[in-house]
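As structure tokens, the next two blocks hold two forms of the same chain, structure 1 and structure 2.
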Structure 1
Amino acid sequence: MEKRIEYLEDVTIRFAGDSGDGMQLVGAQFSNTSGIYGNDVNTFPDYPSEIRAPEGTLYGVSAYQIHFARHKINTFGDFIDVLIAMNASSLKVNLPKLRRGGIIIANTAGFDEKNLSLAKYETNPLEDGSLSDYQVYKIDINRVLTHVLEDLNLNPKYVDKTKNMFALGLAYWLFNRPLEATENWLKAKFAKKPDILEANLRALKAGWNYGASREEFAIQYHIPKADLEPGIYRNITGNEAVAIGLVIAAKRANLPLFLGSYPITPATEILHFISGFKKFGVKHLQAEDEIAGICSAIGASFGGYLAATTTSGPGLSLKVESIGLAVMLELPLIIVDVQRAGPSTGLPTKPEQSDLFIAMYGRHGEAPLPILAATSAADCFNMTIEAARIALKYMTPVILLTDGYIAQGTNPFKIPKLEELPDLTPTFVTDPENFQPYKRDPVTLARLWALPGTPGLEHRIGGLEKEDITGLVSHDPLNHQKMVEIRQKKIDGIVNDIPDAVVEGEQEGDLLIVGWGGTYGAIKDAFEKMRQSGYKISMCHLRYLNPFPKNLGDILKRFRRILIPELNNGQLRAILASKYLVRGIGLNKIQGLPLKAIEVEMKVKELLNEVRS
């Protein structure tokens, strides 16, 4: 059957169903395949906090959104172009996100009386005309698969589990994606289960063939390869980028790596990924609690390891006392906080920029430390390397902030050459003559790092205040003030070792958008779209939060108004106000959802319209 081919610049597709329908799995496969094909990709896994929410319920909907394009993209897409809905609830939850005229592919088996009731539909939306503004394709996927797999004599529940592969195969046909990568993945995953392998391979091909053979699917959409910078690329999640970044940082520092962590959503995957690098000499501990995790890492750092601990908001709260200990000991330590919605347990699987205050201020006493923030999944690698550089050079714990969106979403990562990365090799003191544990480098103010067991370099460290130079316990009031001031001066001095903040657009004027961390993509896309439309606006995105870049204050003074989009109630806005006396305008989204470019664009237009009026 001859099909019409339509070429597009970019598309956003969303797979949605119950928690057990495998939407995260097929979404990841579609993302990986699109990356292999050569598109730029940005994704958003969106799933409930329950381990297995009740089937068919509105709050049990799990989804995976993929934005893929022939050009550079920075977000997971403001609106959905294609929604694949496995049941009534997945349609109802996601329909408001679907653009008018968009495509709905609905599994009619999930729209029976029970599912309609759970979704709180009084009538079937596939039949009552309420979806007339969309292109609706109704398929009884379960019935098709029962026929395709009938000779395998599988348990009906296994037949039902393959419907996600049918949906994936159909999506591959719709957008001209190859099947080979997913076929190879299935062969590896089910190598010891030939009947399950055969069922999934058949379901995948059945989805492709359905699109190719059915008259109603008259158009196949082609999104050409993106014109990316030459190099070797792979799709990567932020959590995987952090794990690889830690391993590479240890390699560049010529140190063994130790990760001490307690599992917590959405940071747990870093621990999982690290456990796969044992062949590189990596050591890890899945501790019994958050405190044990960070204390084991502090001990490893004392012993000469590049040490790290990973967590999310509630875990960072539990680590606070031990972070203060690491500040007092002045040992290098990387603390990765994958932020999620709070307070307390909050929304464990949802993103938020909720921990800037606790990272900046959340310790008793004067306990300053550097704070960095990654802007994307791929940037998590870069900022992990940078966190290691600063920690080792300045002998200090460093907090790296990511969030659930960039940690579990994906985008293409250009694999760097090892020799292009900075040399992170630290200098251990080896000469016992005149050794003192708190003797400092005159430039960085980093104290000496001596390995325990080195003859002549015996020393003690602990949580009580240290005497300057000797490191002996001291309760002298003047010494305490001196040590507090030295530790602060050391962190303040890092400002001379980080890049200046960069303003894009007008270098001075009316409106500057200032963001930090994972909101970069939404701000960047909104900024570029509005600049192309002739708006004179500017943006400045921060990856260094303590200390701030040394030119930030001068930048803020050059603009009449400062718009600060954040996934919190105004934490960066409050910090900038206290430090630079600027009265920022907040765009605060606290919904457990990433920021969208359209939200930034609408706020900017609102502000500019105020000026015109």
Structure 2
Amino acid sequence: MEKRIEYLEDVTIRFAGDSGDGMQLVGAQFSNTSGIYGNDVNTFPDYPSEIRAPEGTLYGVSAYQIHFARHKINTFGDFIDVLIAMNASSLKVNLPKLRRGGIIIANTAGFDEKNLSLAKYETNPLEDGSLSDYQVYKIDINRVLTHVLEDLNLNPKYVDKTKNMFALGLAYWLFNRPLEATENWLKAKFAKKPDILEANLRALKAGWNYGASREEFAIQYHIPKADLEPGIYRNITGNEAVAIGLVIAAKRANLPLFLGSYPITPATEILHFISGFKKFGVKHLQAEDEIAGICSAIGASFGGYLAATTTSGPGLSLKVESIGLAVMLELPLIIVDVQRAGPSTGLPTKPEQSDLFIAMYGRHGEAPLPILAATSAADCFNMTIEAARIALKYMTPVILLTDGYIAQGTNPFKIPKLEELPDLTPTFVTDPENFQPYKRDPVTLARLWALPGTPGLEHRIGGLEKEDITGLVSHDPLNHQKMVEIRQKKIDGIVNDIPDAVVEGEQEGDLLIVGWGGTYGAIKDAFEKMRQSGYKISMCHLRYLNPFPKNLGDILKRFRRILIPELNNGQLRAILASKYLVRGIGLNKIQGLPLKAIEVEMKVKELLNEVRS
């Protein structure tokens, strides 16, 4: 059959269905296949927050969104181009995100009376003309499959379970993706169940054939390969990237890894991954509470481990006293905070840049520590390594901020070669001659690390103020001032050991967009798009929040206006104001949703129009 081919720059597709429909699975497959094909890919899974939501309901809808392109992309897509809706509820929930003129592929079997009523539709949207703004393809997938799988004599339940593969096959046809990777994956997954394997392979193929053979599918879309750096890639979520990053950092530090953690959404997956890493020698404790999570890590750090604790907002609140102890003990420790909307329980499954203030200021006394933030799922790996590097080199706790969005979203991760990563091996002191626990490295000001088990170095450390050098308890007023200043100086000095901030676009001028952490993608996409349309704007995105890069003050001075988009009420804005006396303009989205490129674009345009009028 003759088909027209259309070339596109980028497409956003969303697989949506009931929780039991296997949407996460096909979404991940589509994402991998697109990565293998050579596109840049950015994804976000969207599960219901109920553990087992009732079938067919609006709150039981599960979706997986994939944005793929022939160029570098940074978000999972503000709007959907193609919506695959396996039932009425999934159409209703996701329709608002579909752009006008977009494609709907609906499984009519999921639009029977029962499904319509669960979705609270009075009439069938596929029949009542309400979708006239979209291109709608109606397919009774269940019927097609019953026919295709007839001779396998499968239980109808299994036939129903393969409808996601049909949808995936059709999506593969629509965007001209090869089936091979998914076929291989199915073969590995169902190696011991040949009839289920056969059913899934057939369903996948049937989806493809449906697109290829039916007249109504007149156009096939091609999204050519992106011009990405050569190398080996995989898709990775931010949480997995942190977990693997910790193991690799420990390997590069030549230390065993210890994780002390308490389950909390959306950080728990890191604990899950780490608990499966026994075969890498990793020890972990699922602690009785958040405090024990960090305290056990402090104990392990005292014992010479690379130690970490992982948490989210409420857990960070519980850990603050212990973080203060780690500051005082000057022991290396990685604290990963997967930020979620607060305060209190807030919106546990929803992202927010909620914790910059608590990371920066949330301890009694003067307790400075380095703060890092990851910009994307893949960047979570880099920043975990970086957190370990700084923690070990400066003998300090480090807070790494990620968020619920980059923690669960994926993007392609260029796999580094182990030996190309920095060597993080610390030095342990063993010589009792003139040993003092708070003797410092003259350059880094890091104190010596002496492990229990070393003869002759027996010493006591604690939360009481330390005497300089000896580490003995001291209530001396001047010593206290001195120690506070030394601890501050040590953290401030890290500024010489981190990269300068980079300004993209004009190096000086009217408008600079300053963001931090997980909003990078949205800001970058908006920035790129507007630059291409000729706007003279600039952006500078921060991954180092304490200390800030050395040149940040200079950069801020070079622009007339600073726009600071944040998923909070202006935390970075306030900190920059107090540190550099700049009055930033806030774009503050506090809805438990990730930032969208379009929102940045609108705000920038609004500001630029202001100038003109």
Partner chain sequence: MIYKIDEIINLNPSPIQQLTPKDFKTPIDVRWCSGCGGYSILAQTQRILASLGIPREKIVFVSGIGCSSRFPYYVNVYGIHSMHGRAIAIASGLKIARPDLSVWIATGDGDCLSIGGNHFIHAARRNVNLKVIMFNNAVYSLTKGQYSPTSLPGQITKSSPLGVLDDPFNPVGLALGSGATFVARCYDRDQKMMQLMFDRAARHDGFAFIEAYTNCVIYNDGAFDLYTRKESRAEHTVLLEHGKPLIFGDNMDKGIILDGFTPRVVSLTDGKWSVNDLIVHNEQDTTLAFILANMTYNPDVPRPMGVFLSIRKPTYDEKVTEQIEFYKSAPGAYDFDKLLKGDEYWELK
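Not measured: the values here are computed from a predicted model. Along the sequence of structure 1, residues get numbers from 1 upward. In this text, the rigid core denotes the largest set of C-alpha atoms whose superposition between the two forms falls within 1.5 Å.
Selected structure - criterion: the form predicted together with its partner chain: It is structure 2; that copy is the form predicted together with its partner chain.
Of the candidates L228, I469, L126, G276, which marks the hinge of the rigid-body movement between the two structures? Hinge located at L228.
Smaller rigid segment rotation relative to the larger between the two structures [°]: Turning angle of the smaller rigid part: 12 degrees.
Inter-form CA displacement between the two structures at F15 - rigid core frame, Å: F15 C-alpha displacement between the two structures, core-aligned: 3.1 Å.
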